[in-house]
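First, one chain by itself: the form predicted on its own, in structure tokens.
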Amino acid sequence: MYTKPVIRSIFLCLLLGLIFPVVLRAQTAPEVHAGVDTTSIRIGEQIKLRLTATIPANQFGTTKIGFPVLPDSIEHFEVVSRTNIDTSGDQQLKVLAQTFVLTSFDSGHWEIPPMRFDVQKASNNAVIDTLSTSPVGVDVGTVAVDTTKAFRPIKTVQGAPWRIWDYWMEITGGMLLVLIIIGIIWFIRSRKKVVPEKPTPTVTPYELAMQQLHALKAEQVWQRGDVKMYYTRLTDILRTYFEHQFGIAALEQTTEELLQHIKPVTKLNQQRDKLRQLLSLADLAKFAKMQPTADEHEACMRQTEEILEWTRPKKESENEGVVTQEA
């Protein structure tokens, strides 16, 4: 016969053998739960559905819980709002939770269906298990009506008293809009007035070139020994005249490039040989430090005047002739 202590020990061992696997599984396997803050509401009232998933902390980095995606409406319930999934817990367990605000417009006893959670591997999101919550029952009742009291007629629509301060935003916006329109009109008109008209040129390119030549003569630049400056100013006067009178970018071109670009201009092309001789001598004086004779200095000035006189516009020549005859 077994003694009582032996029997008691055997019983405790069997009991621990049954309980220990359950406790071990509860500590190592994720769990899910669905609950509401109240199980009884009236039509149109709201309840909060809270979904939670508990996962051991040592599995939190390698295992993920995929929460169910609720549509805008489920059986007899409408989803009003939903929160993001938040995480809490300690070093033993991690708790993931999400709250939904639901409402119902159907009276009766309804059940929120089971919610499915997917247990996934964190590395590749592969589903390794599926967990479901238990259904949650909710009673949706109607508003009690006291039938012993007499029915009252429907009240007519009553207008609220008009107050100007109730429309201060509209009035302020309208005034700002009017000010903006006035400002735009004033800016456009003032801008038109400020734009200056293009001044008409009072000196023609020919007259300007002749004035500069007379000034160069009066300064006696080559007579004072500055030959390079004399030819630089002489050719610049001629090239500037070509730009203003014929639209040729003469100041940026070499002698050969300029002689090529004057070909389409008949008047200039007729003076091409004279212009080549003048520019070639000037290039030698400016860049090769050649010292032309006094006769060559005077000849270059005469050639420049002849080129200007030959290519001057017709109207200037005619007007000058009329003035001479009248005088």
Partner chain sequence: MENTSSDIRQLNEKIHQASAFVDLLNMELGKVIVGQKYMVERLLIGLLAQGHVLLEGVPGLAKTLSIKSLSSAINGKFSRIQFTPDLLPADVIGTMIYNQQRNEFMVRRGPIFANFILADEINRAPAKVQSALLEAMQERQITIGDTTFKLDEPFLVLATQNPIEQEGTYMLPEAQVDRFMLKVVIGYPTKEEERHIIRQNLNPQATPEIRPVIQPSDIMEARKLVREVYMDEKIEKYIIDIVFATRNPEEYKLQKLKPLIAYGGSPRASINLALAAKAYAFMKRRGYVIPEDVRSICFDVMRHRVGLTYEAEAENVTSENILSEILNAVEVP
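Quick caveat: nothing in here was measured; it's all calculated off a predicted structure. Numbering follows the first chain given and starts at 1.
Quick note: we don't show the form predicted together with the partner chain, though the next part is all about it.
- Scanning N58, T38, Q291, Q270 against the partner chain in the model of the complex with a 4.5 Å heavy atom cut-off leaves one residue, Q291.
- Site annotation in the model of the complex: the residue of H76, K94, K228, R82 reaching within 4.5 Å of the partner chain with a heavy atom is K228.
- Comment: 255 to 263 is the region of 47 to 55, 255 to 263, 66 to 74, 298 to 306 lying near the partner chain in the model of the complex, near meaning a non-hydrogen atom within 4.5 Å.
- Though the partner is left out of this view, H33 does not reach within 4.5 Å of the partner chain in the model of the complex, counting heavy atoms only.
- Residue contact check for L251: one or more of its heavy atoms lie within 4.5 Å of the partner chain in the model of the complex.
- In the model of the complex, the partner chain lies within 4.5 Å of some heavy atom of L284.
- Residue contact with the partner chain in the model of the complex: T103 places no heavy atom within 4.5 Å of it.
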